[in-house]
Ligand code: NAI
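This document opens with one chain alone, in structure tokens, the form predicted alone.
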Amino acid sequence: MGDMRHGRIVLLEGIHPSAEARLEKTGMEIVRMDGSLERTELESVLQNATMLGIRSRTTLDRSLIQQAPELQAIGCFCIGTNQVDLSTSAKLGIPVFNAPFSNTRSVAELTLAEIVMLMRRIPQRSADMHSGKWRKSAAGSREVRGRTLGIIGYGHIGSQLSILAEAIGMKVIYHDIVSKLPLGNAHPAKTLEELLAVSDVVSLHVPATPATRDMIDEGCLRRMKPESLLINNSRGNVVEIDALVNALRGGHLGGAAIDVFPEEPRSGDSPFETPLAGLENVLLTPHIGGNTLEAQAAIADEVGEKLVRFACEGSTGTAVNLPTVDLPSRGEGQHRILHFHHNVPGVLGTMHSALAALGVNINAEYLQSEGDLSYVILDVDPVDVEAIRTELEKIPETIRMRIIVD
């Protein structure tokens, strides 16, 4: 893990330009590639990438990460990190950063808009107008005021939606796998089954985990209130699409809004098909829940700054896959040693002995371990960088190391 100042940052998938202004602080070359890449192209890019910025369409599996000799950090310019093999990254001492909060408002606003649109049966009315039919009718059209919104997943987005929904007169209940403090007048449902049974609208805001895969299946849909609505702006594998299609065609559900799908195209040039296409009172959007200019700029700033802090200070305080290590900025003239190693007894003592033998004075130190991995930052008086690197790399447990000198 050498000097990052001479490295290369590669940004894929049209990441907002404000990221570049942040990343310029690293002194590295910045290369922008606006689309997602096929696997062979990605393999080639990873041969020379010191840092990689991606969004949700790029998958970094074990093989790709292991074959990236220069890669030192990954920035996911989105909320989720399930497109990256976090375990492999951690074992190699490669931090993964994301933006867990920056598009919260955008997703919540879209969800609220979809609730109103579906309650008023706007998708069907709009389709009629586009086909030259003037069907002015109140049939099936309702106000949202007084209706019950059931939120599954009461995290940042779910709780923000809760506040917005109450502001227009909805009653809010929620279900989460961990206890969450209710905001406003919202209250937790005793069970998921209770939430499904009493909600006029069910909105999903859960992460992609084994527990949430196909969590909304035929049984759950059957438990939902007749003519209720389902909204999924979370992850594509949370809802069984075929079961949803049957519930809509059979008339049990009154409508749905789906922004995420089990299989999504890699680019806008790729065709897209779904069994939901053509169904009445169904809103389909191409994974744009967080795609507002405000959200994308905020994400670019947040992840960009996290990458800068790792490059310039070694901070992993906001990484999703590594021990949390964060020291204040170095004092003037100080050198900073960053050392990832296997978490076994005696490594730190061996490091201290090696540094003492070289006459190195340690001014600050912070070690954190998690599982098999340990990460330590040491601030030292100016040193012979190559001598230290040679001695510390001799330690068998060393995974990778870097020394910041300016």
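The first residue of the shown sequence is 1; numbering continues from there. Because the structure is predicted, anything quoted here is derived from the model rather than measured.
Missing here is the form predicted in complex with this ligand; even so, the following discussion is about that form.
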> Can you check whether Gly184 is within 4.5 Å of this ligand in the model of the complex, heavy atom basis?
Replying inline: no
> Quick one: is Val107 in contact with this ligand in the model of the complex, heavy atoms, 4.5 Å cut-off?
Replying inline: yes
> Gly155: heavy atom within 4.5 Å of this ligand in the model of the complex?
Replying inline: yes
>> Glu114 versus this ligand, in the model of the complex: is there a non-hydrogen atom within 4.5 Å?
In response: no
>> Whether Ile177, Pro207 and His287 jointly form a contact site for this ligand in the model of the complex is the question; each needs a heavy atom within 4.5 Å.
In response: yes
> Among 230-238, 243-251, 323-331, 194-202, which stretch has residues whose heavy atoms lie within 4.5 Å of this ligand in the model of the complex?
Replying inline: 230-238
>> Between Asn103, Thr81, Ser89, Ser162, only one gets a heavy atom within 4.5 angstroms of this ligand in the model of the complex; which residue is that?
In response: Asn103
> Looking at Ile168, Ala297, Met215, Ala127, which is the one with a non-hydrogen atom within 4.5 Å of this ligand in the model of the complex?
Replying inline: Met215
>> Suppose contact means any heavy atom within 4.5 Å; which members of 248-263 contact this ligand in the model of the complex?
In response: Asp259, Val260
